[in-house]
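Next up, structure tokens for two forms of one chain, structure 1 and then structure 2.
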Structure 1
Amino acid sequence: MILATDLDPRAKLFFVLVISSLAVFLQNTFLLLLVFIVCLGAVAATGGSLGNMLKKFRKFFGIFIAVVLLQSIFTQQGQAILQLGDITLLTDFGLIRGMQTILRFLIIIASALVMTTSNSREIIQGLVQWKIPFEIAFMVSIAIRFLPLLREEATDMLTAIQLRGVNLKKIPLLKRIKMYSYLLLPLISSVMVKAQELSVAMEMRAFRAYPQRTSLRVLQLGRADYLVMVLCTLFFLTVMVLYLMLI
């Protein structure tokens, strides 16, 4: 089995690029399901935790149901499955479209988990060796780091509110939304302060002081990496041929 430590981050980036492209382009439920199964296999093969991934999927379950309903309400095609008076809540066509949208979400989330098995420094180095400017690669890495930071700040604010005796579950929906809007400004302000501190730290370390950068570690593609990229290319071509045959 190919472990995460055996693969070059460029091979993983190539896999994510292929899988994400298929998720966006395909309009066939069976092929999207096939891509999702392959993606799950890749997560397991690269050392990712399927259990943690399933826990993340459970958090989006309500959103997935809403997507299916919205697809049925705004896509007036197919046979009605569920109606409320004159309003069609669920159709077979909308159900299929909703399932396709859910599979796209799952594929993109699962493919992103493959990249979490590499550290950010390796990802930056892989992008740089793909001739992408270091500044852009560094910004991508910083953006990825700020997502959990933003979630942590929001969690701390909600915890502070609950410690003051506020039960969020008992607050009416409109008041809860209004309360969240009040938290948005301090949340953004806190993140901006951290971004400013990061900028000062980068300047203190002479970021971009020289026109060119050198790297202590240079990534080398191995046989396993070339094999993964060849298999990804063959899989992409096979799925596209099947898709064109099914149209």
Structure 2
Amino acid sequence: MILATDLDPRAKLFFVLVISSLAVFLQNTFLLLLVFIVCLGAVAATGGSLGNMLKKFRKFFGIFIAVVLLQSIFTQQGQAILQLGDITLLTDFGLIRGMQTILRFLIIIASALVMTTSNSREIIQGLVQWKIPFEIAFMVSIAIRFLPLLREEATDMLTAIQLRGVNLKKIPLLKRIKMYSYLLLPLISSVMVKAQELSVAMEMRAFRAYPQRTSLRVLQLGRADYLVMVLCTLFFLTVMVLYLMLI
């Protein structure tokens, strides 16, 4: 068995690119479903936890319902399934569109979760060895690293505001908007401050002092990595051929 943690970040990146381009490109529900299942299979086969992932997916159920309803009400195509007086609430077209949208979401998220098994240092190194400028690779990795911090900060602030005796569920809409603007302000400020501090810290450690960077650790693609990439390519080609044959 090949574990995701043992794979080269570039192999994983390749996997994510292939799978997510398929997700964006395909317009066929069955093929999307196939890609989704294969993606889940790949995650499970490389030691990921499907249980955890499915738990995360539960949150998307609401979005799914919303997309289906919106597509049904506003496009007014296809056969009506549910009607309320003159208004068509649910159509088969809407249902299919909704399924496709949500499948795309899930595929992209599931494939991206594979990346979280690499640490950010490895990902930068992978990108750099793909000839992407270090500065850009570094920016990407910082963005990834700061996201959870930002989330933590936001939840902390929500907690703090509630602890001051404000019941979020009970305040009227207008005041609520004002309150959310209160939350946005410090979040943005804190991002700016962090960015400033980080840039100073990097200057102090002579970031970009020399144009040529060397790396202590150089990534080497192994047999498993090539295998993964070949499988991805084959899968991509197969699905594309199927898709072109179907239309």
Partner chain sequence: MIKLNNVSFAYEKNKMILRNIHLAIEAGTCTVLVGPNGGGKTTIGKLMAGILKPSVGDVMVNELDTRTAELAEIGKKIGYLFQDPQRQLFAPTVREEIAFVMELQGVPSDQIDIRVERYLDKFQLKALENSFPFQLSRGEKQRLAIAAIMVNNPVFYILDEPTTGLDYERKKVLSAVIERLREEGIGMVIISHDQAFVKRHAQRVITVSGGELLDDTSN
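Given the structure is predicted, the values throughout are model-derived calculations rather than measurements. Reference numbering: structure 1, starting with residue 1. Whichever C-alpha set is largest while still superposing within 1.5 Å between the two forms counts as the rigid core.
Structure 2 is taken from the form predicted together with the partner chain, while structure 1 is not. With the core held fixed between structures 1 and 2, residue 169 has its Cα displaced by at least 2 Å.
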